[in-house]
Structure formats: structure tokens, C-alpha cells
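Take a look at this single chain, the form predicted on its own, given in C-alpha cells.
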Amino acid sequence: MMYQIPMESLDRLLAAIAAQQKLYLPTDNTAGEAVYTEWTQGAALSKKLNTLRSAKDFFFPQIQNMAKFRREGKKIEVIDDRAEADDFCIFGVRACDVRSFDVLDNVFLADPVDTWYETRRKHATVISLACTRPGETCFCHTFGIDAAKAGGDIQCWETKDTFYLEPLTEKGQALADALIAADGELLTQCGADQEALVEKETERIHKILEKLPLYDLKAEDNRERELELFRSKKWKELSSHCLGCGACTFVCPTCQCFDIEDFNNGETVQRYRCWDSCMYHDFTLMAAGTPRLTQTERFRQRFMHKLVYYPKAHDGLFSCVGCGRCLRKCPIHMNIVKVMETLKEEKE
């Protein structure tokens, strides 16, 4: 079932959702970048194609407290200091970021389940938004993602004068039902004519995608070439200018590397985890040293994981969603597209 609301009433819709549960949406910050913020009256939905950092933050925060410890003599008290999670809604999530949740789920919801991640996932409702103007750095279609039908619990489209919503899951339908129960005039059920307009909008988006520079980029199934690619001499050339800054990993919606640290404040010890990066020289540092001594090895690890290791472990699902963030943020313009093209050329 599909619903519609006039674009001029979008603020009314956002206010109605916020009345049901906490609502987060992309808004423009002072630097002109789109970032997720909690909705307040008057907050405007960003017109940017995608957010600076992905919606991954909601389920796998950059910094997250895990537990506290208090020691008295030989006795150690373990304090579970996690906060109770409330229901919340993430609005305006693009198709690439919606797919990234599948990639993260395979990691954090596999046995043993990461309960911090699991709790936040259970309490979240994801409302996606079709990309009305896919950008030149977008290549989500390479991985079978449809920018015009973004998925999530509710998928949406925006046209010049109308906003359309289609619940896809029980959670999404429950939110739609709650909105209608609170205000029977908020959402109008779409008829065949309105659904045809939505289909026309998806076709328009698909035509834009066909004109993008990366439209012909193909994702090669390299699972059988694992050892060959690992030994490739191309990695040295590809990584020769890499700064090891980790920018690509911090904007990536599917990277899941983290470190766990303990901070002693004199009374208790706070254990927390924070994002880390396989591009850093100390990421694999152990008492005996590190197994990846050079930036070439670290560079190879990142892209082998995205394109070979992860697909091999998860039935061909790539650990890249084509969001284009790494293309836009890498200071030396090295990115996964160049790696894919280079490895493809080597195969040919």
C-alpha cells in the first residue's frame, strides 16, 4: 500500500513522526555538508545527495561505552552502564546506506551477537528516500542496488509537489498506521494513477543513472582468484601514493574495524570501543609486532576485504555499496573504483 502527502506538508509529516519516536534526518551544517541531526521544529531536510558520514553511526557509533569497572582490593565490580534504547526513526536514508545495513548485520548479528548493535537495530525504523539526482561519483547499481527504490522499512519518493511513502516491513506499516491513527488527514492512500506517477519517477532516475560516468563499472566475482589477487604486483603501484590517513574508512558505510580501550578516571575504569582503520600501521600491532609492515599490505587488506574476502564469506555480497564517499574524500584520489578497474585489466 502506498501513501502520499503534499510536499508543502512535509514538515507536518516530520512533526507527526517525531511525536511517535525520536526522529533523525539529514540537515545542512555550517560547512554546507549534510549530517544527521535530531529533528526540531523548523529543521529542513537537506537537498544534498548523501550525508557526510553514513547512517551507520546510529547502529555502530564512532565511540561507544561498553562497561565500567570498580576495584576495591581484590574485588572487581563490573557495571553494565549501557543506556536503555528508545525507539527512533532515521529519515532520508539513501539506497546505498540501506544496503550497508545488510553488510553490517552479517558481522554484528552473527554468533556471537553484538548486543549493543542488535539493540539499536531493533529499535530503529529506517525510512529511505530515492535519489532524485544521482551524482557522478555514484555507482551503487554496480552492486545491484536500485537508487530509485531504496528499501528500508518505508521507502519514499519526492517529486515537485508530492511526497510518496510505501511501507515495506511490519515495522514500517506499524509506523504508517500510527501516523494515520493520530491524524486521519495526514496521509492519503494512493490510487493507480499516483502509483503510475511513482513508477514514472523511478524510470526518470534510471535514465539519469545510465548517463553517469561509472554506469558501466562491473563488479567482478573474484572469489576464485583470491590467491592470485593477493600476490598481484599491482598493489605496490596502487598504494604508492596512499597517505594512510584512513579518511576512506571513516566515511565508508560498511567499514566495521574498531579498537577497545580502557580509561581510568581514578575511581572507575571506563571500557569503550571506537572506530579504527585497517589503513593504520598500529591496527594489527601486537606484542610481537605487526603482520602488515608496509602501507602496501594495509592497502591490499582493505580492498581485498571489500572485494574478495567478504563476498567469499557471505555468498557473493560485496562489502561496498557504491556510495562514492571515498571517491569524494580521498586526498590523493585513490579509491575502490581504480582498484576494481586495475584488477580487471590484470585479469584480461
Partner chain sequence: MQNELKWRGLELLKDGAVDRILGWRAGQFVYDITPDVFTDPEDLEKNFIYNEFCGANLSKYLIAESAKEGKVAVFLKPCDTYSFNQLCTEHRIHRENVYVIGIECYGKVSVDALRQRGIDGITGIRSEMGSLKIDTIYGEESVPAMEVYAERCRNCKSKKHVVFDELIGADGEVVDDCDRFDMVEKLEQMSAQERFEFWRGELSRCIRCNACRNVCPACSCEKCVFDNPKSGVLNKAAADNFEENMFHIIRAYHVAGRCTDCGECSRVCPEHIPLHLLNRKFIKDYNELYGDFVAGESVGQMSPVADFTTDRDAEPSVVQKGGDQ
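Predicted, not measured: the structure shown is a model, and the values here were computed from it. Numbering follows the first chain given and starts at 1.
One more form of this protein exists, namely the form predicted in complex with the partner chain; it is left out here, but the text below deals with it.
Of the candidate stretches 150-158, 172-180, 245-253, 86-94, only 245-253 has residues with heavy atoms within 4.5 Å of the partner chain in the predicted bound form.
In the predicted bound form, no residue of the candidate spot (I145, K306 and G316) has a heavy atom lying within 4.5 Å of the partner chain.
For the options R231, R71, H241, K122, the residue carrying a heavy atom within 4.5 angstroms of the partner chain in the predicted bound form is H241.
Scanning L186, I208, L104, A219 against the partner chain in the predicted bound form with a 4.5 Å heavy atom cut-off leaves one residue, I208.
Shown alone here, P134 lies within 4.5 Å of the partner chain in the predicted bound form, counting heavy atoms only. When contacts are judged by a 4.5 Å heavy atom cut-off, Y272 counts as touching the partner chain in the predicted bound form. Heavy atoms of P291 never reach within 4.5 Å of the partner chain in the predicted bound form, leaving it off the interface. Within this chain, L45 is remote from the site of the partner chain in the predicted bound form, having no heavy atom within 4.5 Å. With contact defined as any non-hydrogen atom lying within 4.5 angstroms of the partner chain in the predicted bound form, the contacting residues in 264-300 are Y272, C274, D276, Y280, H281, D282, L285, given in sequence order.
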